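Next up: a single chain in structure tokens, the form predicted alone.
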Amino acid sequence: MCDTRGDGRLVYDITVEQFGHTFDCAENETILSAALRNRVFLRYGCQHGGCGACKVRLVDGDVELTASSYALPPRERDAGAILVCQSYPVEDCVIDVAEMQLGAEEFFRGDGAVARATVLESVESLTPNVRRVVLRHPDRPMAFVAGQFVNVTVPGHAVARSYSMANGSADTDRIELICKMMPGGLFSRYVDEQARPGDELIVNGPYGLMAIRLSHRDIVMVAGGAGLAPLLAMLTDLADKRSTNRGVTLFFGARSTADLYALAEIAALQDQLPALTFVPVLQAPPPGWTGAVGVVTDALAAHSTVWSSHDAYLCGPPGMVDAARDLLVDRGVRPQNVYADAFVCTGETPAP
């Protein structure tokens, strides 16, 4: 029931349907912030509406929602989906968290995400605007699932940026990030102008549900730009676990040959995964290029494979992810077998 705090702010009841548990959420407080303050756990990631990890269904009540259009497309919003990191209740609410796949123990244990101090090992230029940033844990390893991401606090600022890990999950003493450099971006400026080996960086995580699902179906992966990172991690895990019985087709879209990277790593993965087919796609190919041409969905549409028997993993700019999802569903992939992770680039944020 709606009430008021001592400071006069309205307070609403938020009931989590699966666990029959109710916690309070103050006026101008997000449901996620209220849950964590009340020491219960709701899955989350970037906390700015870009990743969709905190998506739930609003069963009753109403909220003001400030999510980006990608993370919560109109069809899902119309079906009652909300992002709790961007949802401010305006009355008592009931939410369904089934999509988060939470157990009661995890829910009532509260937030287990840990802030870890890492040490910058190296920065490598992969393309004119993509860098590989390697961090190492000096004290304790971090278990994660290939495909997940971490939030990295920008040194000298009270803000964080989200990046998927590109290394396999067996590599628990280091974090390998593939970062797109954004003009004016705080982390981009740090990486290109200030980063030095030995710097301490604070990392929170891991977060996210992107991961290879158990299935008998073959796999199609579609990446654009820095979106190749989680797919490299998942392919590395498949290779490490000798999961060679599923065919995998990887499409990697780039503007030019200068924007393609990790080609040697992909070739090495093909040695370990004979059923891995790699399809680089260039929008501006050089003379003599014999590969696929156009945007990555052009190549996907033109490919001879019948996609209806595949699981799909998509990562890249929101427009690419949306187009690839629509095309694959139109070609017979079941919507529930499409797993997507779009990155929403963040530019400059005012200094604290």
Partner chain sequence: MPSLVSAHDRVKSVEWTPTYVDHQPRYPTRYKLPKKTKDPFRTLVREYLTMEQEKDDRLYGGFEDVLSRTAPAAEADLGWLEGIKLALPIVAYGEYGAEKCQSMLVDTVDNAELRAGYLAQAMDERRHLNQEMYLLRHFAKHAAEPCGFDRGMQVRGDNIFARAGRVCFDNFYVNDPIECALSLQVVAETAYTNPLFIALTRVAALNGDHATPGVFLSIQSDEARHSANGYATLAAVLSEPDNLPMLQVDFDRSFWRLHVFMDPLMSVLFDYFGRGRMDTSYNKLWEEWVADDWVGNYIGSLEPFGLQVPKYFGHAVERMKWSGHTAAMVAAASWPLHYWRWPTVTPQHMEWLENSYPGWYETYGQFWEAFNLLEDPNMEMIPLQGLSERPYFCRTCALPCVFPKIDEATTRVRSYDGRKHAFCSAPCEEIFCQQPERYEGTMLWDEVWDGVGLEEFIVTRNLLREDGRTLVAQPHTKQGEHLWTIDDVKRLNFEISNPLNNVTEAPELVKQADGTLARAEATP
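Fair warning: this is a prediction, and the values are worked out from it, not measured in the lab. Residue numbers count along the first chain shown, from 1.
Keep in mind the form predicted in complex with its partner chain is missing from the figure; the text below concerns it.
For its partner chain in the predicted complex, the listed stretch (210-218, 81-89, 160-168, 126-134) containing residues with heavy atoms inside 4.5 Å is 210-218. Not one of 27, 77 and 204 comes within 4.5 Å of its partner chain in the predicted complex, counting any heavy atom. With the partner removed from view, the residue among 193, 271, 139, 105 that has a non-hydrogen atom within 4.5 Å of its partner chain in the predicted complex turns out to be 105. Taking 189, 174, 255, 241 one by one, only a single residue has any non-hydrogen atom within 4.5 Å of its partner chain in the predicted complex, and it is 241. Shown alone here, residue 21 lies farther than 4.5 Å from its partner chain in the predicted complex, counting heavy atoms only.
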